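Quick setup: one chain, the form predicted on its own, written in C-alpha cells, and binding and motion questions come after.
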Amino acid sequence: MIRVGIPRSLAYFKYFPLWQTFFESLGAKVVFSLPTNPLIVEQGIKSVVDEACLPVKVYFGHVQYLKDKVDYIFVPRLVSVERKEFTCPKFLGIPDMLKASIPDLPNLIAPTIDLTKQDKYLWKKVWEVGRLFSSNPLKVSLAWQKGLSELSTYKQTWLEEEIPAQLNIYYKPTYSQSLKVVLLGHEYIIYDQYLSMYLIEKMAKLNIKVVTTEMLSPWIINKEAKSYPKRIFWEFSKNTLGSVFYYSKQEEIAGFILMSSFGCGPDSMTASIIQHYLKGVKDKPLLNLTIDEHTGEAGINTRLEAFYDLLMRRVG
C-alpha cells in the first residue's frame, strides 16, 4: 500500500478531511505527522533559513518527521483558493524550499492550486494527483467528491460554533461567565496546541466562550469585507477583517484576541487596521499576541489573565 504523508501544519487545519478522504478512497495509506512538539520545532528551525516565519519553520519540522516514513509527501503549492485572492507568498515556494533544504526527501506531490484560472483547471489538478494512484478517472472523481463531502461536514461544525473533535482541543467552558471573545489568527497557529500554547483551552478554563473566523460563513465575511475602502487580495487578511467588522457589531462580544507570528508581513498590516478600527470605531478591547520560537508561555498566561480581568471590569 502506498503511504502518503501529510504534515500536520499550515493548510492541514483547513483542508485535512478533504485530503485524507481523497487519498484513502484511492487506496493509499495516509500518515500524518505528530502534533507539533519541541523536537519538531527544533528540526524545522535547523532546516530552513532564519528569515522564515515560525509556522514555516514548524512545517519543515513536520516534513522532517515524515520523510523516512512514507513514499510520498503531499505539499500542495497554494497560490489562490478563492477568486481574485491569494495566499501568503511563502506558501507558493514551500515545495521548492523543501527540495533545496532537506536532503533525501521522498517524492513530493506538489500540485499548484490557483483558482484564478479557468473552471476546468481544478479538475486537471485533481486528476494530476489522482492518476498516481488510479488510472480510472471515474474513481478519482468519486474520491474527490467524497473528500469534498467530508470537508463540508467539517466546515459545518465550525458554523455551529463548535471546534471539530478531530483537532483534539479540550474546550468545555461552563459559560458561568457572560464573556464571549473573538479569537483571531491563522488556523495553523490558533488550532496548533503547541504554537498557541493551549490558548483555547486556557480561555475555556476562564469560562470564555471562544468564537473564530471559521465560525462565519464566507458570504458574511465577503459582505463585511466590502465595507473596507480598498479591495483586500490577501485571503487571510480579508477573512480576518471581515470577521472583525461583523463581530464588532455584536453586542455580546466582549473583546478580541489576535495571535500572529513575528515576521508575517500581511499580519502586521492587518493587526494595525484592526487596532485602529476597534479603538476608533467600536471601542472594543484587543489583546495582540505575537509569537516566535522564543516566546515563553508564562508571558502569554500573564497577558491573557490581565485581559480577562479587564473584560470582567468592563462588564461590571
Partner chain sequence: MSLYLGIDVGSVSTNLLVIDEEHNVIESIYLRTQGRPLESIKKGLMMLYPRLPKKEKIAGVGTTGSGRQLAAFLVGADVVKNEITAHAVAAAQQVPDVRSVLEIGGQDSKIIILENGVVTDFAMNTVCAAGTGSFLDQQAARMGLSIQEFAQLALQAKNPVRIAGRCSVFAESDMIHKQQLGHSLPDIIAGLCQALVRNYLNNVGKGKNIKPPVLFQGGVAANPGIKVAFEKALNTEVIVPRYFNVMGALGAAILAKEAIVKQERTNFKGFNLIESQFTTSSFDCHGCPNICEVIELYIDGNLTARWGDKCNKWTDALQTKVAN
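Since the model is a prediction, treat every value here as computed from it, not as a measurement. Positions refer to the first chain, counted from 1.
Missing here is the form predicted together with its partner chain; even so, the following discussion is about that form.
Look up in the predicted bound form whether Y198 has a non-hydrogen atom within 4.5 angstroms of its partner chain, and give yes or no. Contact check for Y198: yes, within 4.5 Å of its partner chain in the predicted bound form.
4.5 Å heavy atom contact, E24 to its partner chain in the predicted bound form: Result no; E24 lies far from its partner chain in the predicted bound form.
Considering non-hydrogen atoms and a 4.5 Å limit, does its partner chain approach L39 in the predicted bound form? L39: yes, in contact with its partner chain in the predicted bound form.
Considering non-hydrogen atoms and a 4.5 Å limit, does its partner chain approach S272 in the predicted bound form? Yes - in the predicted bound form, heavy atoms of S272 and its partner chain come within 4.5 Å of each other.
The single option of Y194, Y121, Y228, Y170 touching its partner chain in the predicted bound form, heavy atom within 4.5 Å: Here the answer is residue option Y194.
K279, K29, K69, K46 - the one with a heavy atom within 4.5 Å of its partner chain in the predicted bound form: Looking at K279, K29, K69, K46 one by one, just K279 meets the 4.5 Å heavy-atom criterion.
Going by its partner chain in the predicted bound form, which residues of 1 to 28 come within 4.5 Å of it through any heavy atom? Residues within 4.5 Å: none in this stretch.
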